[in-house]
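To begin, one chain is listed below as structure tokens, in the form predicted alone.
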């Protein structure tokens, strides 16, 4: 993109702050909005411009990117009275990078199309580390021709960018990702608990198993945090529960039973009931600590 489009970014949280920062550092004009303005202050200090609502961001932007909390937040930001679709110009592009419902992504795309706006659902995986280091996996649903035009933006924020299909496909792919992570975090927690209970040094155990058949991103990046007692959020427990509910609902609509995911959701809800909803997903290990 020789003439850089104006980017609007809504949702300056754990992930969004880094993602928006990469775009700003790459020289894109940036307008931002967040429910708490203070969270965007470092971006404003570097040259981003503040807007008071999602609609005002949309009105001055060529590409509007969102990464907010829950599907109801997505719906309000896009379809509300002062939302994005009411205010975005024909010919602009909207990209929702929140993990949200596939059917909502399709609804937004249908309404955007009537206004001459291109719409993508592009949820991400990689947590706070991936966002900071610009190596997120980005799962995209939308039109292939427009995708090629905006792909350079994705490449600033991530490394593994795949167009999965039409609207909603990115969200369905993210559900596959979350299903795999859910059972994986149960396995990691139980493996580390077993290692400690058996008298082994879990840190040494990791050296053997993380590069073998048990290896995974979560094992390499989150198990060390568990062993250090670091439960700070790269991705909030409360948001993970939200994602599991979406996946279970989508699966039920397709007539698919996912007992492993159901169990993971029960365990994470138990964790949230203990006041840990703002911890990172690796905090599942806390459920095993009483036995050690």
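Residue numbers count along the first chain shown, from 1. In this text, the rigid core denotes the largest set of C-alpha atoms whose superposition between the two forms falls within 1.5 Å. What you are looking at is a predicted structure, and each value in this text was computed from that prediction instead of being measured.
We do not show the form predicted together with another copy of the chain, though everything after this point is about it.
Within 4.5 angstroms, counting heavy atoms, which one of the listed stretches 176 to 184, 86 to 94, 109 to 117, 143 to 151 is next to another copy of the chain in the predicted bound form?
It is 176 to 184 that comes within 4.5 Å of the partner.
Counting any non-hydrogen atom inside 4.5 Å, which residue from 44, 232, 60, 267 sits next to another copy of the chain in the predicted bound form?
Result of the distance check: 267.
Considering 156, 129, 200, 79, which brings a non-hydrogen atom within 4.5 Å of another copy of the chain in the predicted bound form?
Of the candidates 156, 129, 200, 79, 200 is the one lying within 4.5 Å of another copy of the chain in the predicted bound form.
Residue 216 versus another copy of the chain, in the predicted bound form: is there a non-hydrogen atom within 4.5 Å?
Yes - in the predicted bound form, heavy atoms of residue 216 and another copy of the chain come within 4.5 Å of each other.
Would you check, heavy atoms only and a 4.5 Å threshold, whether residue 250 touches another copy of the chain in the predicted bound form?
Yes, residue 250 sits close enough to another copy of the chain in the predicted bound form that at least one of its heavy atoms falls within 4.5 Å.
Any chance residue 105 has a heavy atom within 4.5 Å of another copy of the chain in the predicted bound form?
Taking the distances in the predicted bound form, the answer for residue 105 is no, it never comes within 4.5 Å of another copy of the chain.
Can you tell me whether residue 263 touches another copy of the chain? I mean in the predicted bound form, with a 4.5 angstroms heavy atom cut-off.
Although another copy of the chain is absent here, residue 263 would touch it in the predicted bound form, with heavy atoms inside 4.5 Å.
Is every one of 169, 172 and 193 in contact with another copy of the chain in the predicted bound form, taking contact as a heavy atom within 4.5 Å?
Result yes, every residue of the spot touches another copy of the chain.
Taking heavy atoms and a 4.5 Å limit, what residues of 266 to 292 are near another copy of the chain in the predicted bound form?
In sequence order, 267, 288, 291, 292 come within 4.5 Å of the partner.
Superposing on the rigid core, I want to see if residue 197 changes position between the shown form and the other one - specifically a Cα shift of 2 Å or more.
After core superposition, the C-alpha of residue 197 moves 2 Å or more between the shown form and the other one.
Is residue 208 one of the residues whose C-alpha moves 2 Å or more between the shown form and the other one after the core fit?
Passes the 2 Å threshold, so yes.
Superposing on the rigid core, is the CA of residue 188 displaced by 2 Å or more between the shown form and the other one?
After core superposition, the C-alpha of residue 188 moves 2 Å or more between the shown form and the other one.
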